[in-house]
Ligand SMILES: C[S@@+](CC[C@H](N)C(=O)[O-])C[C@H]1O[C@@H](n2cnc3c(N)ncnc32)[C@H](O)[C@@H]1O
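Have a look below at one chain only, the form predicted on its own, in C-alpha coordinates format.
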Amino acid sequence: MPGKEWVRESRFGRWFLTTDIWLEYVLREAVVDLKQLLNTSLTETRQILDIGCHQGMAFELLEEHFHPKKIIGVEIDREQIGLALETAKRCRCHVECMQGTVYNLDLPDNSIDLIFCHQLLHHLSDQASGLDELYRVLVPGGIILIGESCRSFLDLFWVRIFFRHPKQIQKTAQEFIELVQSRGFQIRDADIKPSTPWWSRLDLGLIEKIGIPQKPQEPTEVLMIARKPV
(Lines give C-alpha, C1' and ligand atoms only; values in the text may rest on other atoms or scores of the structure.)
Protein backbone atom coordinates (compact mmCIF):
# COMPACT_ATOMS: atom_id res chain seq x y z
CA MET A 1 0.00 0.00 0.00
CA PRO A 2 1.81 3.16 -1.15
CA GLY A 3 2.38 5.98 1.33
CA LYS A 4 -0.12 6.80 4.03
CA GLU A 5 -3.29 4.75 3.85
CA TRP A 6 -5.40 7.86 4.37
CA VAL A 7 -4.99 11.63 4.27
CA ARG A 8 -6.87 13.29 7.12
CA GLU A 9 -9.08 16.19 6.14
CA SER A 10 -7.96 19.69 7.16
CA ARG A 11 -9.43 21.35 10.24
CA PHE A 12 -11.49 23.57 7.94
CA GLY A 13 -12.63 20.51 5.98
CA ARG A 14 -13.67 18.66 9.14
CA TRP A 15 -15.71 21.69 10.19
CA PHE A 16 -17.27 22.04 6.73
CA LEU A 17 -18.52 18.44 6.91
CA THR A 18 -20.71 19.49 9.85
CA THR A 19 -22.40 22.44 8.13
CA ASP A 20 -25.89 22.77 6.65
CA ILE A 21 -24.29 23.59 3.27
CA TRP A 22 -22.65 20.17 3.25
CA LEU A 23 -25.79 18.42 4.48
CA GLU A 24 -28.29 20.05 2.14
CA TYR A 25 -26.34 20.81 -1.05
CA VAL A 26 -23.86 17.93 -1.15
CA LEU A 27 -24.89 15.01 1.02
CA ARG A 28 -28.68 15.13 0.68
CA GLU A 29 -28.54 15.78 -3.06
CA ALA A 30 -26.12 12.89 -3.51
CA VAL A 31 -28.38 10.46 -1.64
CA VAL A 32 -31.47 11.59 -3.56
CA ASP A 33 -29.69 11.38 -6.93
CA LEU A 34 -28.25 7.95 -6.13
CA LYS A 35 -31.71 6.71 -5.11
CA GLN A 36 -33.09 7.94 -8.44
CA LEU A 37 -30.28 6.19 -10.32
CA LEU A 38 -31.01 3.02 -8.38
CA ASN A 39 -34.69 3.26 -9.29
CA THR A 40 -36.52 0.09 -8.20
CA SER A 41 -33.65 -2.40 -8.45
CA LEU A 42 -33.25 -2.65 -4.67
CA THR A 43 -35.80 -4.87 -2.95
CA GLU A 44 -34.84 -5.38 0.69
CA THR A 45 -32.02 -3.75 2.60
CA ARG A 46 -31.02 -5.54 5.77
CA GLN A 47 -27.67 -3.88 6.37
CA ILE A 48 -26.18 -0.67 5.00
CA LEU A 49 -22.50 0.11 5.44
CA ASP A 50 -21.73 3.84 5.56
CA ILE A 51 -18.01 3.75 4.94
CA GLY A 52 -16.17 6.87 6.02
CA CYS A 53 -19.25 8.00 7.94
CA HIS A 54 -17.51 10.90 9.75
CA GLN A 55 -20.08 12.24 12.25
CA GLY A 56 -22.93 10.16 10.82
CA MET A 57 -24.73 12.95 9.01
CA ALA A 58 -25.89 10.49 6.33
CA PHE A 59 -27.51 8.05 8.78
CA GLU A 60 -30.98 9.65 8.78
CA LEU A 61 -30.89 10.16 5.00
CA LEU A 62 -30.00 6.51 4.42
CA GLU A 63 -32.77 5.41 6.76
CA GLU A 64 -35.29 7.70 5.06
CA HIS A 65 -34.53 6.59 1.52
CA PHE A 66 -33.51 2.93 1.90
CA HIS A 67 -35.30 1.72 5.08
CA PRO A 68 -32.59 -0.63 6.35
CA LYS A 69 -32.90 -2.81 9.41
CA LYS A 70 -29.36 -1.83 10.42
CA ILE A 71 -26.77 0.80 9.51
CA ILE A 72 -23.08 0.20 10.20
CA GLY A 73 -20.96 3.34 10.22
CA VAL A 74 -17.19 2.92 9.89
CA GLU A 75 -14.84 5.87 10.33
CA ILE A 76 -11.05 5.87 10.55
CA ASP A 77 -10.88 9.18 12.45
CA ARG A 78 -11.36 8.16 16.08
CA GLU A 79 -12.40 11.69 17.08
CA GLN A 80 -15.58 11.39 15.03
CA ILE A 81 -16.92 8.10 16.42
CA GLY A 82 -18.44 9.57 19.57
CA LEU A 83 -20.19 12.24 17.51
CA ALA A 84 -21.50 9.60 15.10
CA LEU A 85 -22.92 7.63 18.03
CA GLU A 86 -24.85 10.73 19.13
CA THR A 87 -26.18 11.23 15.60
CA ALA A 88 -27.23 7.57 15.49
CA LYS A 89 -29.64 8.14 18.39
CA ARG A 90 -31.91 10.07 16.02
CA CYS A 91 -32.47 6.99 13.83
CA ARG A 92 -35.28 4.49 14.36
CA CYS A 93 -33.31 1.57 12.96
CA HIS A 94 -30.35 0.03 14.78
CA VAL A 95 -27.09 1.88 14.10
CA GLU A 96 -23.65 0.54 14.98
CA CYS A 97 -20.55 2.76 14.75
CA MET A 98 -16.96 1.55 14.79
CA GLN A 99 -13.50 2.94 14.28
CA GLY A 100 -11.80 1.15 11.41
CA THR A 101 -10.19 1.33 8.01
CA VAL A 102 -11.65 0.54 4.60
CA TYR A 103 -8.57 -1.59 3.93
CA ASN A 104 -9.38 -4.06 6.70
CA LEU A 105 -13.04 -4.08 7.75
CA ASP A 106 -14.09 -6.08 10.79
CA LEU A 107 -17.02 -7.54 8.85
CA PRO A 108 -17.67 -11.01 7.42
CA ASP A 109 -17.50 -11.83 3.73
CA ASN A 110 -20.77 -11.36 1.83
CA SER A 111 -22.55 -9.65 4.73
CA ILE A 112 -23.59 -6.18 3.51
CA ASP A 113 -26.50 -5.49 1.15
CA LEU A 114 -25.79 -1.84 0.35
CA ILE A 115 -22.68 0.32 0.77
CA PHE A 116 -22.75 4.11 0.82
CA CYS A 117 -19.30 5.30 -0.27
CA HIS A 118 -19.50 9.07 -0.53
CA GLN A 119 -16.42 11.24 -1.05
CA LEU A 120 -14.13 8.58 0.36
CA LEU A 121 -12.03 7.27 -2.53
CA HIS A 122 -10.20 10.52 -3.21
CA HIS A 123 -8.87 10.44 0.37
CA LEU A 124 -7.30 6.99 -0.09
CA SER A 125 -3.72 6.44 -1.18
CA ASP A 126 -4.67 2.97 -2.51
CA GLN A 127 -8.13 3.31 -3.98
CA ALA A 128 -8.07 -0.14 -5.60
CA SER A 129 -7.38 -1.93 -2.30
CA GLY A 130 -10.21 -0.02 -0.62
CA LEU A 131 -12.63 -1.10 -3.34
CA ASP A 132 -11.41 -4.71 -3.08
CA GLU A 133 -12.32 -4.76 0.62
CA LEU A 134 -15.76 -3.29 -0.08
CA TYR A 135 -16.26 -5.96 -2.75
CA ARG A 136 -15.39 -8.64 -0.18
CA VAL A 137 -18.03 -7.63 2.36
CA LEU A 138 -20.80 -7.01 -0.19
CA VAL A 139 -23.29 -9.83 -0.79
CA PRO A 140 -23.47 -11.24 -4.34
CA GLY A 141 -25.92 -8.97 -6.12
CA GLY A 142 -25.25 -6.25 -3.54
CA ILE A 143 -24.85 -2.62 -4.49
CA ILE A 144 -22.35 0.12 -3.74
CA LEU A 145 -23.45 3.75 -4.09
CA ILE A 146 -20.45 5.88 -5.01
CA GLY A 147 -20.18 9.65 -5.11
CA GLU A 148 -16.78 11.15 -5.87
CA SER A 149 -15.19 14.50 -6.54
CA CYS A 150 -13.08 14.44 -9.68
CA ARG A 151 -9.64 15.78 -10.49
CA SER A 152 -11.06 18.91 -12.17
CA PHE A 153 -12.55 19.94 -8.80
CA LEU A 154 -9.81 18.71 -6.49
CA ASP A 155 -7.17 20.63 -8.49
CA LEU A 156 -8.91 24.00 -8.07
CA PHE A 157 -6.62 26.35 -6.16
CA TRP A 158 -9.10 27.08 -3.38
CA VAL A 159 -9.78 23.37 -2.87
CA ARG A 160 -6.05 22.71 -2.52
CA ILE A 161 -5.81 25.53 0.04
CA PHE A 162 -8.73 24.57 2.27
CA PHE A 163 -8.97 20.77 1.93
CA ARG A 164 -6.59 17.80 2.04
CA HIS A 165 -6.30 14.71 -0.17
CA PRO A 166 -3.51 12.64 -1.73
CA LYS A 167 -1.85 14.27 -4.72
CA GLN A 168 -1.08 12.83 -8.16
CA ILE A 169 -3.61 9.98 -7.87
CA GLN A 170 -6.90 11.79 -8.41
CA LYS A 171 -9.06 10.79 -11.33
CA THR A 172 -11.48 12.05 -13.93
CA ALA A 173 -15.06 10.80 -13.86
CA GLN A 174 -14.28 8.21 -16.54
CA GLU A 175 -11.15 7.05 -14.72
CA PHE A 176 -13.16 6.52 -11.53
CA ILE A 177 -15.69 4.46 -13.47
CA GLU A 178 -12.93 2.35 -15.01
CA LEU A 179 -11.28 1.87 -11.61
CA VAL A 180 -14.49 0.55 -10.05
CA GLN A 181 -15.10 -1.76 -13.00
CA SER A 182 -11.53 -3.05 -12.79
CA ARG A 183 -12.23 -4.34 -9.25
CA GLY A 184 -15.01 -6.63 -10.51
CA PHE A 185 -18.06 -4.38 -10.09
CA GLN A 186 -20.64 -4.10 -12.85
CA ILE A 187 -21.78 -0.64 -13.97
CA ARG A 188 -24.30 0.09 -16.72
CA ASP A 189 -24.47 3.36 -18.63
CA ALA A 190 -27.76 4.13 -16.87
CA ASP A 191 -25.99 3.77 -13.51
CA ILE A 192 -23.74 6.81 -14.03
CA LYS A 193 -24.36 10.51 -13.45
CA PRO A 194 -21.45 12.90 -14.07
CA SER A 195 -22.13 16.54 -13.19
CA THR A 196 -20.68 19.95 -12.36
CA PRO A 197 -22.72 21.12 -9.33
CA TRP A 198 -22.47 24.82 -8.50
CA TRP A 199 -20.37 24.24 -5.38
CA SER A 200 -17.67 22.53 -7.44
CA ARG A 201 -17.12 25.31 -9.99
CA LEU A 202 -14.40 27.93 -9.87
CA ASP A 203 -17.03 30.70 -9.90
CA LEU A 204 -19.43 28.78 -7.58
CA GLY A 205 -22.06 28.92 -10.34
CA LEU A 206 -22.36 32.73 -10.39
CA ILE A 207 -21.74 33.09 -14.14
CA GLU A 208 -24.51 30.64 -14.97
CA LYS A 209 -26.84 32.27 -12.45
CA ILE A 210 -26.64 35.66 -14.19
CA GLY A 211 -27.34 34.02 -17.55
CA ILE A 212 -23.97 34.13 -19.32
CA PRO A 213 -23.60 31.08 -21.63
CA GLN A 214 -20.76 28.73 -20.78
CA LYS A 215 -18.89 26.06 -22.64
CA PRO A 216 -19.43 22.45 -21.50
CA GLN A 217 -17.21 21.72 -18.52
CA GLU A 218 -15.38 18.56 -17.53
CA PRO A 219 -17.39 16.78 -14.80
CA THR A 220 -16.32 17.71 -11.30
CA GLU A 221 -18.41 15.01 -9.63
CA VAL A 222 -19.54 11.53 -10.57
CA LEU A 223 -22.25 9.40 -9.01
CA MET A 224 -22.52 5.72 -9.86
CA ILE A 225 -24.33 2.54 -8.95
CA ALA A 226 -21.98 -0.48 -8.95
CA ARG A 227 -23.09 -4.07 -8.44
CA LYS A 228 -21.27 -7.16 -7.26
CA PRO A 229 -22.12 -9.97 -9.70
CA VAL A 230 -24.38 -12.75 -8.43
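In this text the structure is predicted, and so the values were computed from the model without any measurement. A residue's number is simply how far along the shown sequence it sits, counting from 1.
The following text describes the form predicted in complex with the ligand, which does not appear among the structures shown.
- Message: Just to confirm, with a 4.5 Å cut-off on non-hydrogen atoms, which of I143, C97, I146, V102 contacts the ligand in the model of the complex?
- Response: Looking at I143, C97, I146, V102 one by one, just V102 meets the 4.5 Å heavy-atom criterion.
- Message: Please tell me which of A84, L124, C150, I71 lies within 4.5 Å of the ligand in the model of the complex, judged by heavy atoms.
- Response: The residue in contact is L124.
- Interface segment, criterion being heavy atoms within 4.5 Å of the ligand in the model of the complex, picked from 106-114, 73-81, 150-158, 134-142: Careful reading of the contacts points to 73-81.
- Partner proximity in the model of the complex: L17 to the ligand, non-hydrogen atom cutoff 4.5 Å: Because a heavy atom of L17 falls inside 4.5 Å of the ligand in the model of the complex, the answer is yes.
- Task: Answer for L120 alone: is it within 4.5 Å of the ligand in the model of the complex, judged on heavy atom distances?
- Result: It does: once the ligand is placed as it appears in the model of the complex, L120 has a heavy atom within 4.5 Å of it.
- Query: Might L27 be said to contact the ligand in the model of the complex, defining contact as any heavy atom within 4.5 Å?
  - Reply: Residue-level check for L27: yes, a contact with the ligand.
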